[in-house]
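Before any questions on how it binds or moves, here is one chain, the form predicted on its own, in structure tokens.
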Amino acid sequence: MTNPVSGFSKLSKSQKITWLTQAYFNGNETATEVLQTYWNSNTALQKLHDDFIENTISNYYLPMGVAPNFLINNTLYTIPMVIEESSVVAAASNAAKFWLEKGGFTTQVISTIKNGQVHLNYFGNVTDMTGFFAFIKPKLVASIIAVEKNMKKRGGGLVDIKLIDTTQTLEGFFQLHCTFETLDAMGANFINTCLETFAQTFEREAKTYHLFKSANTFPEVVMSILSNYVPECLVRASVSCHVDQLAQKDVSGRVFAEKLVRAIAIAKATPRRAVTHNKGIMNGIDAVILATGNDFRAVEAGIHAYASKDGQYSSLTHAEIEDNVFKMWIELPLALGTVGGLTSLHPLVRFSFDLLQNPNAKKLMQLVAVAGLAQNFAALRSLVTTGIQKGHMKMHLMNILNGVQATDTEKQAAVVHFTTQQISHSAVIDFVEQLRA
């Protein structure tokens, strides 16, 4: 067992690595070499990466790919995707190509409001609290004039503040529910600064409010924080065509469409299927979120909460057939930014925005939603026809070969062999061993 380390954050990067190798790798220089292999030779760029987080020791690379041929609202896009899972980029590309000649994807931003709460304890008379809120609300709004000055110049800022009585859920629990428009910024820092200013103003004014003083019962601020659940920040993406255009090999368009509708109905009916169904959607969404330097954890949390909004975790996509027209769509809460954070710092994030024709936040919402819908369509198309494993294992073949350090000659032979053979980890290992024998 290693001893605790003191002052670790104050050590240089080299000193941190030396401590790690001595404490956990018995001084083995291989560990150091692995870390240093992933350092960027451009010292300025490496310093930039080092400053993104704390206690940096190296860079952790993920592949960056692109999915071309996305026709979205009659504009053609190539979408950048950062992900480690094989077949995701290929699936997105295939879906884009499939819908390219059928009108492509249509998108619509429904709303862009974000929110945060000042969480309060108050165990006194509810009418005293509501009376105080009516009195204090104008002062709360005035308290952030300086904070929201620049945001207001761009057309954003505070939308409203409401007092929410949540005492039926939790004794003594009230909230200041605050809504904001943050335009092209994700807005986390702006919202949190506003909320903390509200909290300070609220608590200060409450100390002198006559009804609280006479009852000797005062509200207490527990915490102030934005919410990553943004059901008022919504985007919708859809595809549609006549069922005859959906014909697959050995499957009529009508039958294929019915299979897709049924597959989504199953995901709506049972959370066990819905979780995997939505995970596939997030393959596409997270990959674009990462490529554009946004917070995929916040997006994940908010989207999965939205999938449960009706009381049961359910499918994020929907489908129907009406008058021989198949329609499939997705509706998502997405709080994204195209300014601030890594968007102006990380060179590959900047590349991604240039590739996407420098979208604003609304446009980025639409592109991300399309990536999720395309991924889901591709997955369901495989599931209801050939099965998911055929395509997935074909893309996974190279990972298996790399895992056994296959040579280029062995890889070429394996690709040819498994064109007609079922791919499994054991089958690939056996094939390589036979080649080497």
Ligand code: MEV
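In this text, residue numbers run from 1 along the sequence as written. Everything numeric here is computed off the predicted structure, so don't read it as measured data.
Omitted here: the form predicted in complex with the named molecule. The next part is about that form.
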- Query: Does the named molecule get within 4.5 angstroms of any non-hydrogen atom of Lys268 in the model of the complex?
  - Reply: no
- Query: Would Gln366 sit within 4.5 Å of the named molecule in the model of the complex, counting heavy atoms only?
  - Reply: no
- Message: How about Lys114 - does it come within 4.5 Å of the named molecule in the model of the complex, if we only consider non-hydrogen atoms?
- Response: no
- Message: I'd like to know whether Arg273 contacts the named molecule in the model of the complex, with contact meaning heavy atoms within 4.5 angstroms.
- Response: yes
- Message: Can you tell me which of 248 to 256, 274 to 282, 165 to 173, 317 to 325 lies within 4.5 Å of the named molecule in the model of the complex, counting heavy atoms only?
- Response: 274 to 282
- Task: Scan Glu331, Glu205, Glu85, Asp128 and let me know which has any heavy atom within 4.5 Å of the named molecule in the model of the complex.
- Result: Glu85
- Which of Val404, Ile57, Leu383, Leu48 has a heavy atom within 4.5 Å of the named molecule in the model of the complex? Leu383
